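Quick heads-up: it's one chain on its own, the form predicted on its own, in structure tokens.
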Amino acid sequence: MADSKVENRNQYVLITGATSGIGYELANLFAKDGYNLVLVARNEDRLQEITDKLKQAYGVEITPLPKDLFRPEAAQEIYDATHDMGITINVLVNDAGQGEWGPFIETDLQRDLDIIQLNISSLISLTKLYLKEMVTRNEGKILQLGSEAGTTPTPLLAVYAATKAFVLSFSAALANEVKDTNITITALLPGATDTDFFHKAHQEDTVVYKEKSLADPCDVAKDGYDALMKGESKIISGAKTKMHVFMSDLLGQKLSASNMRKQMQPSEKKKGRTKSGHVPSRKERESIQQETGMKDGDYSNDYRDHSDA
């Protein structure tokens, strides 16, 4: 069992999207430092698997909450559950999120609205519910998962990028509102990261996924974790992402959108990346395949059951 920090033993962290990708790696970092966890994801079996693994590794208290954040009622249900258990959430991590690749006029309207529900409405709801308690206590931290895509128009991933632009603006405004308190709001901006996001977004045949290097979820999570602990309001993860954001600001929206579209276009290469190199993210996909009966290359219509970034 790994050593952990005793001073964090009575602290609780709630993490959405905790079964794969950046959310999974953040759960590891908090558990390693002795924080107790409340983990939220839709996939109950994966959630229990992660709970058992982290308990064994770090010996912290972990409460799994299987909830579907595509449902408007889910945020209140999560809050009510922690309240009924007498758990005070000291740190909130809004990690869960999805996108959908394709021309806007061709993507399914309900899918677009579900993405807005997951990426914006559930994030607002959880932030409102737990931030009010933090303000009363004058103590707390919130980490919001933004994206490089939120800093520039992103054709063929238009709704997702717009939701992340909202997250960045919303988080910056809240950071200002609580600046004279002991509460901090941190926005984490990763670039394209090696998670199962692309599979869920039906984006695996694009240039960015098949041909480009992707950030390691471990590195992104560590950047976000360190920034959160320092009370920083924003962290852009990785030198390449920092350069992309700088160039986007320099070029303006029209040229930036043109550059982003090139990355989002279908790749002409027959060979390239076909699945995530991040083991927990691969397991996430495998669990979806087992549950839905799909195979690699298939598109799952059951996206609502797997709302993790």
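Start at 1 with the first residue shown and count on from there. Small disclaimer: the values here were computed from a predicted structure and weren't measured.
The protein also exists as the form predicted in complex with a small molecule; that form is not presented, and the subsequent description refers to it.
Colleague: Please pick, from Ala192, Ile236, Met134, Leu92, the one residue with any non-hydrogen atom lying within 4.5 angstroms of the small molecule in the model of the complex.
Modeller: When the small molecule is considered in the model of the complex, the option within 4.5 Å is Ala192.
Colleague: With the cut-off set at 4.5 Å between non-hydrogen atoms, does Gly224 touch the small molecule in the model of the complex?
Modeller: Heavy-atom contact with the small molecule at 4.5 Å: absent for Gly224.
Colleague: If we define contact as a non-hydrogen atom of the residue within 4.5 angstroms of the partner, is Asp68 a contact of the small molecule in the model of the complex?
Modeller: Taking the distances in the model of the complex, the answer for Asp68 is yes, it comes within 4.5 Å of the small molecule.
Colleague: Taking heavy atoms and a 4.5 Å cut-off, does His244 contact the small molecule in the model of the complex?
Modeller: Output for His244 is no: heavy atoms all beyond 4.5 Å of the small molecule.
Colleague: Whether Asn43 contacts the small molecule in the model of the complex should be assessed with a 4.5 Å heavy atom distance threshold; does it?
Modeller: Answer yes; at least one heavy atom of Asn43 falls within 4.5 Å of the small molecule in the model of the complex.
Colleague: Looking at 134-142, 179-187, 79-87, 196-204, which lies within 4.5 angstroms of the small molecule in the model of the complex, counting heavy atoms?
Modeller: That would be 196-204.
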